[in-house]
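Take a look at this single chain in structure tokens; it is the form predicted alone.
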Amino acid sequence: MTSSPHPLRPNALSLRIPEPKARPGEKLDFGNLRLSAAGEVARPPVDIDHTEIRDLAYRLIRVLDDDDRALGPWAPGLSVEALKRGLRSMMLTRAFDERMYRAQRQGKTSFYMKCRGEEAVAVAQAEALSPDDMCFPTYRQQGLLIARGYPLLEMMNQVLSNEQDPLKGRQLPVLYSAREFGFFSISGNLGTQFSQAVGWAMASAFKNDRRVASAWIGDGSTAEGDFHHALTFASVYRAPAILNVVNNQWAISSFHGIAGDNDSPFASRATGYGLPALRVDGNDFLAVYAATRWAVDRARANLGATLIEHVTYRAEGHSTSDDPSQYRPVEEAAGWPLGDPVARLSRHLIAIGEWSDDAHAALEKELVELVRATARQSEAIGTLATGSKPSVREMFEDVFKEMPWHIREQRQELGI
């Protein structure tokens, strides 16, 4: 006699392997996006208890509607000057990106990573933070440096690895570092930025300072231990930090569901740590600014950290070593439902009568020429392929406070 399987115990288990909605050649499908209408999400006071706003981890803060109007309680009321400054910084970032990408294709540098489609995540935060707040970015927050006025020439020298590279050839191209501009060294292993930012924020609070830390990681890095370590310390010690998860849908060729976003938004992970979370349209400059200001005000009020998930899209490949057409439909970037951050802010300024298509075209031409002229200046110093390079002697400097005897001997053997 054979027994039938128990209704709650199937004969065989099956493993779920998350898959994106569409692969190359398939029809676009963004049905997994959790969207809210512009202006419909409530804006709570910064001193609210995190248990009362758990829904904000599942909804989406949006300010700009389909007609480019700023709606709802999150509309930040920025001045026209601030909006134009933000637009200029995003456009300059894009022009810089394009020039450096071409430089890599021409053999003038070994590697580059573009941030096209994600410019608002960095530039709007730069506007919302104070200049002396410390940023712990990824390799797609070059907009922070540009918005804070870091010299384009210095950035290009670092990318081209020439003699004037401010990092003396010790970092990969695009892994910038500029302490005087509140820009912590970029780590290729992104998860560490969260842990370091929380530690820096804890030190700021311990010293009774007023500065806060802001850190960025990608959606894939939320699956790493550093993410959870940082949230634990941020919660326990009430660190004044803004912890940004840039959900650009792809961690190299792994879609965001591999890191766990299919069932619950990344922002919802803050709940288990007793932290407030916001989920924001990362392609809406006004929404990113407003969410950041809320988190910054909360941190400066000694109320602790906030996790912000920026829902955006990586329009280009992961890097110049990546071909996204191998794992996603080629038209997916153009079909992204939340649009392009530069175009949306430009249209908003036009809608309020403070901008025009002609003004936009003129500014774009001006910035492209600025980048072109700066690139010529940098390339005259040297590139990866030609010109002067940092001295070999530099690899012995700035490593030890007092150089050990064996390192000194090695340098002497080289005759430098």
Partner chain sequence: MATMNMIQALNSAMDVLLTRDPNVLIFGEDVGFFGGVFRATEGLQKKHGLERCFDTPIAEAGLIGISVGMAAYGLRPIVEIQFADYIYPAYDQIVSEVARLRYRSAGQFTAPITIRSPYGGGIFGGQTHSQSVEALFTHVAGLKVVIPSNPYDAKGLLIASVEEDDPVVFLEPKRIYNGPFDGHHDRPVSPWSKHPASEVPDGHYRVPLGKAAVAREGSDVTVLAYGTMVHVVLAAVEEAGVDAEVIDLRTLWPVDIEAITGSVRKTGRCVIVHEATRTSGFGAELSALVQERCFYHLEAPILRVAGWDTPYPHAFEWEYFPGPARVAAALKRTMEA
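Every value quoted in this text rests on a predicted model; they were computed, and no experiment measured them. Numbering follows the first chain given and starts at 1.
Below: the form predicted in complex with its partner chain, not depicted.
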{"item": "Candidate stretches 251 to 259, 85 to 93, 198 to 206, 281 to 289, one within 4.5 Å of its partner chain in the predicted bound form by heavy atom", "value": "198 to 206"}
{"item": "Contact test, all of A42, K114 and Y327, partner its partner chain in the predicted bound form, heavy atom 4.5 Å", "value": "no"}
{"item": "Residue (of N302, Q106, S79, N189) lying close to its partner chain in the predicted bound form, criterion heavy atoms within 4.5 Å", "value": "N189"}
{"item": "Proximity to its partner chain in the predicted bound form, single hit among F184, Y273, W336, Y101 (heavy atom within 4.5 Å)", "value": "F184"}
{"item": "Touches its partner chain in the predicted bound form: P151 (any heavy atom, 4.5 Å)", "value": "no"}
{"item": "Exercise: D97 in contact with its partner chain in the predicted bound form, heavy atom 4.5 Å", "value": "no"}
{"item": "Exercise: A343 in contact with its partner chain in the predicted bound form, heavy atom 4.5 Å", "value": "no"}
{"item": "G25: touches its partner chain in the predicted bound form, heavy atom cutoff 4.5 angstroms", "value": "no"}
{"item": "Sequence-ordered residues of 298 to 337 touching its partner chain in the predicted bound form, heavy atom within 4.5 Å", "value": "none"}
